[in-house]
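Heads up, the chain shows up twice below as structure tokens, two forms, tagged structure 1 and structure 2.
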Structure 1
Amino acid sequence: MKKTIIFLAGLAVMLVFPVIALRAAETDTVLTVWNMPSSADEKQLQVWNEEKAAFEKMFPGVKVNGISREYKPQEFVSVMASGKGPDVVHVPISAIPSMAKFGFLAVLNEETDTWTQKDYMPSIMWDAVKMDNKIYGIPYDSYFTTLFYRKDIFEKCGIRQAPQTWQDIIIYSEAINKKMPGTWGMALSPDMSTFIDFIWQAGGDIYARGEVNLNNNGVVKALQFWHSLKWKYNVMPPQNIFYESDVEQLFAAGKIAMMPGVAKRLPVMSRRYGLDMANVEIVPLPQGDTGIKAWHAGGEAFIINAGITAEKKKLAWEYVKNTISPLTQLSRFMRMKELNMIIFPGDFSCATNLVNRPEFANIKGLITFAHAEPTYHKWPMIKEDFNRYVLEKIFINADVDYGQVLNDFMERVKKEYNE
């Protein structure tokens, strides 16, 4: 990363915002943009509509057709293949490789070569949207996997600091369950997006020289730890399989004290499950028994439809630049404060991160230990299979043979994905 991530207001003074005149041919142009908040998110929708109106005022004759539709892999492939996809949408950066492989995404090297904001974004985010030196996405927001813990539960159990190691998770969980029967230390869902952090913390890796390898000592150690939480130490609730929504509900209800997560999920948990944000602390994930600190960087990136005209592509690029610009970001930050909205770093461009604010002191510097998921177009499918054929087994089977499970899985990968 060429420059240190700095606070939003600091970037605003550097803004030189281009206002371009639209040619007559662009009059009454409709730009279709997904990711508009739903009517259920009243304040988010209000902020979005205000930004939309500001953009339309800047470009007379242009109308932004906002659609409340999020990225869903199969649905997105279908709509893009039909030629009816959005002009602009932000998608998980993990989706970029496969979408680029299908030819759905416009190459944006020419647009970004002279873009001043490029150097303010962490290089790890650019690495995630670049294949064969071609840029297919513009990093939008960013997140790092962290640990959430319930301060109220910790206080009742006399626990005075956040867990620093895997062993602390076990010790704290046992103390919590003893002090508060029916309340558990942690629940985990069979999800590689979370499990991958534990692989790195165990000293393992999963991708090198164009090949996926999920049968190594780091993977085995991480599996053993997850399995031990469930079957050896009994610090997880008795249900075998928990999915993301299950874990979030348990945490919101105070039935579990800790969970891995990303900050942008907390407002969702507050809205859907009544989570009291005053009871939540956000800290880095505990390090593995190797002493390695590691967590993964993720986020979303704007993509522009490769199938639109050159003129509309220019307009789509102006929309992306405007949305990510320091002025828009600062304006959004101030508006959210006026509306008493919950604010997290992930609400903003990764070029205008808020980690330097005092309320996020606990997670400042996370980028130092960040890793990126493989930029491999088959990785999303391999992840889903790993969830189903490996992670679910360790939660269901108390006597699982890790070696056999991983050998069987890698044979499946070689057969189905030509690895």
Structure 2
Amino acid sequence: MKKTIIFLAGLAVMLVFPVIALRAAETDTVLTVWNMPSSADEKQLQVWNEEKAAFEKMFPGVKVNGISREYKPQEFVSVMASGKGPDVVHVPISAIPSMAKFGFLAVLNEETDTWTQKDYMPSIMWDAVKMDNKIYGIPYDSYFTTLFYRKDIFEKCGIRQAPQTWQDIIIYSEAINKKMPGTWGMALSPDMSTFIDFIWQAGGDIYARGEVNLNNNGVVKALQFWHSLKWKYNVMPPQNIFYESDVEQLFAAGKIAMMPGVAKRLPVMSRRYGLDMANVEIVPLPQGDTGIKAWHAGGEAFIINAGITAEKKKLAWEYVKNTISPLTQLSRFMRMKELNMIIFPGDFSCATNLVNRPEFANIKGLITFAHAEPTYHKWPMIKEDFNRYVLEKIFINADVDYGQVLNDFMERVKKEYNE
């Protein structure tokens, strides 16, 4: 009997506890922001927390609730649609068109009109966050696809020069594989964000006359090249499909010598996977035989939730402005130096021009050749489908009829997205 009473009491406590846990609304205004570094990056987190404290000091009565999250489209939608989404989010700019279309994002024209810092950011970034002359996001960092290679592996294999053309990738990989069995040239994940560079370099395009068109020579050529890397020249490790984190881990572990990548991921690779930055060289992505210089520009932008009150929106804007302000950026730079951290452009606003730093000497000025992804609101979904039904296909099947695959894909796109 005694046991029963204890048991029942326990049940009752468990039932009551959530009520206690859900305290009444707090008196402070809470600004939820999704740009906190992951808890795996301690030093970065420390810097971020210091900035947060500074901001809270500037605006008494405001609490910043930082959350660290990887951007995953489907999970992001369920969050924003819930009406309890975060106030300020750091998202890849490629996500902005569709999010804006569905009304998740606040229009920021009013705020940015009188904002002088606007002019310091590359115009290509502003194009990416604009739809019908409405500004939906504030660009933060910008990057474009480059090639990372491991200097130590290249040295061991007697390679002196960075790869310049597509052909070089194949030749180098063969050399590396011969000299160091168990090490491969390159790994590619079936991801449109990387593949798009190759399309442009092959002279193709993806968006013409207001329509997505992926069935052209350039795409076929790029597909052929990727397919041959996998199946003909054995450039990649014996794995059909790599996810982004696989490629990064393999690169950090010295299992692959090259990878296409964006500067944004360098901090992750160096801080989490233990990549030694002294071994890494950053060079432009090799060109195709057409000689076209084209790189895919990406970046991240701050967006503000459309569903919040005007007051909060003001506050959110203050937060974004404060984060991007030269003063904050400079103090962050100093602080990171103090803490002996490696400086990556991805940690800073694109207005700061960190690309002038020595480690990026090789790729300086290349942003003029960068292309942006189309600002078509169904593009993220088409991209997802393309990864799944075209790129994965060529990595899985040794025999592929490219024309057929692309035809099927375009039909699917027409049926699904052109209503």
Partner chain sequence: MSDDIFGRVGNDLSENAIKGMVDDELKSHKKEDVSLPIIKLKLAPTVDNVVDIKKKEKKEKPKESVFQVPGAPGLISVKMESTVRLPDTLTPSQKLKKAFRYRRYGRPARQTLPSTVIVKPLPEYKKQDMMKLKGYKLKKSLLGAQMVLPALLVFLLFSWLPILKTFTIAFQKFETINKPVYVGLANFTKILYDPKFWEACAHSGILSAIVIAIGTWIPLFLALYVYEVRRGSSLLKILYFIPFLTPAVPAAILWKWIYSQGFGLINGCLSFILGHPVAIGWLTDSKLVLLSIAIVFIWKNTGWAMLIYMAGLQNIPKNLFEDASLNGASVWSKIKNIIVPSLIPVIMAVVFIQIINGMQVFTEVYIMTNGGPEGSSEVIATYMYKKAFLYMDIGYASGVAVFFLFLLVSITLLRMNLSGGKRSNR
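Basically, rigid core = biggest C-alpha set you can superpose within 1.5 Å across the two forms. Residue indices: 1-based, along structure 1. Just so we're clear, the structure is a prediction, and the values are computed from it rather than from any experiment.
It is structure 1 that shows the chain in the form predicted alone.
Core-aligned CA deviation for residue 72 between the two structures: 2 Å or greater. Once the core is aligned between the two structures, the alpha carbon position of residue 37 differs by 2.3 Å; this is the C-alpha shift at that site.
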